[in-house]
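Okay, here we've got a single chain as structure tokens, the form predicted on its own, with questions on binding and movement later.
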């Protein structure tokens, strides 16, 4: 049977980019290049492999500023059939609870559009905040089961998915009723590298942009109004090294000064 999959993708700041901060301490995302969250690429690969095996459709969903659309074309090049970007100034400042609510509203609309849904896939976390909240929270908003740290999806049939889940010291096989949300770990899936033809084809595809009004999102549940937590301030870590130079014509005296300084700093020199 053909499968319908929604894959959640987060555009994050390119780790190679120089991050700029606003006066309030938040990251100025409009001033830096955005890329697909590396963890979400495993979910994209899992979704595309399911489509190749069973047939069906994969729809990408993201919540981000309008300029993030270019970064999302990588998901299209990897095999996602269509992409929906939820973008609205009202979403600014959303924490994971507000974000998961907004994403679940988009998933519901896609669910209705497709006439059914089997799986919602996402990465286990994002490279910028590393909370791991979104998958389980989306499952709660949709009132469907969710499984985190999924190593691989072994089978999908008869209204259920058999998954291999990472646990401390090994694995667990779990059978979960569909529809379900799965947070995919980067252990068994190797994200494909799109060919030039696939990249060019992705550039010609239209990314659908929805606002909160298009999806029927309650404004009081998103943005700062709907976020019980918020980022107060962010800053770069400054690494300062103390450079000390020991000089003396007598090498033994130099070594003695060096070791004495280490002892003052609490460095154990052994017996």
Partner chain sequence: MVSRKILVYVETSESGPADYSLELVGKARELAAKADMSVGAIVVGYGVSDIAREVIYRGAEEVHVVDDRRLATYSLIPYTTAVAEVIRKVEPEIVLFSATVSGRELAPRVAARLRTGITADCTDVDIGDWVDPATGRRYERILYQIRPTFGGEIMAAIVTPNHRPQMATVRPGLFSVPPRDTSRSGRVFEWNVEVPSDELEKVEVLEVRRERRKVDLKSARVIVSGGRGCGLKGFELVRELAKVLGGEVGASRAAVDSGWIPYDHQVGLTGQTVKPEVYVAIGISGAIQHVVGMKDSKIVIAINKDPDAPIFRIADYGIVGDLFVVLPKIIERLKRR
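Basically, rigid core = biggest C-alpha set you can superpose within 1.5 Å across the two forms. What you see is a predicted model; the values in this text were computed from it and never measured. Numbering follows the first chain given and starts at 1.
Below: the form predicted together with its partner chain, not depicted.
With the partner omitted here, the stretch from 193 to 201, 73 to 81, 109 to 117, 126 to 134 that lies within 4.5 Å of its partner chain by heavy atoms in the predicted complex is 126 to 134. Of the heavy atoms in residue 176, some are within 4.5 Å of its partner chain in the predicted complex. A residue is said to contact a partner when one of its heavy atoms sits within 4.5 Å of a partner heavy atom; residue 230 meets this definition for its partner chain in the predicted complex. Heavy atoms of residue 93 never reach within 4.5 Å of its partner chain in the predicted complex, leaving it off the interface. Using a 4.5 Å cutoff between non-hydrogen atoms, residue 216 does not count as a contact of its partner chain in the predicted complex. Interface residues of 159 to 193, taken as those with a heavy atom within 4.5 Å of its partner chain in the predicted complex (partner not displayed): 162, 165, 166, 167, 168, 169, 170, 171, 172, 173, 174, 175, 176, 177, in sequence order. Core-superposed comparison between this form and the one not shown: the Cα of residue 243 travels 2 Å or more.
After superposition on the rigid core, displacement of the C-alpha of residue 230 between this form and the one not shown amounts to 2 Å or more.
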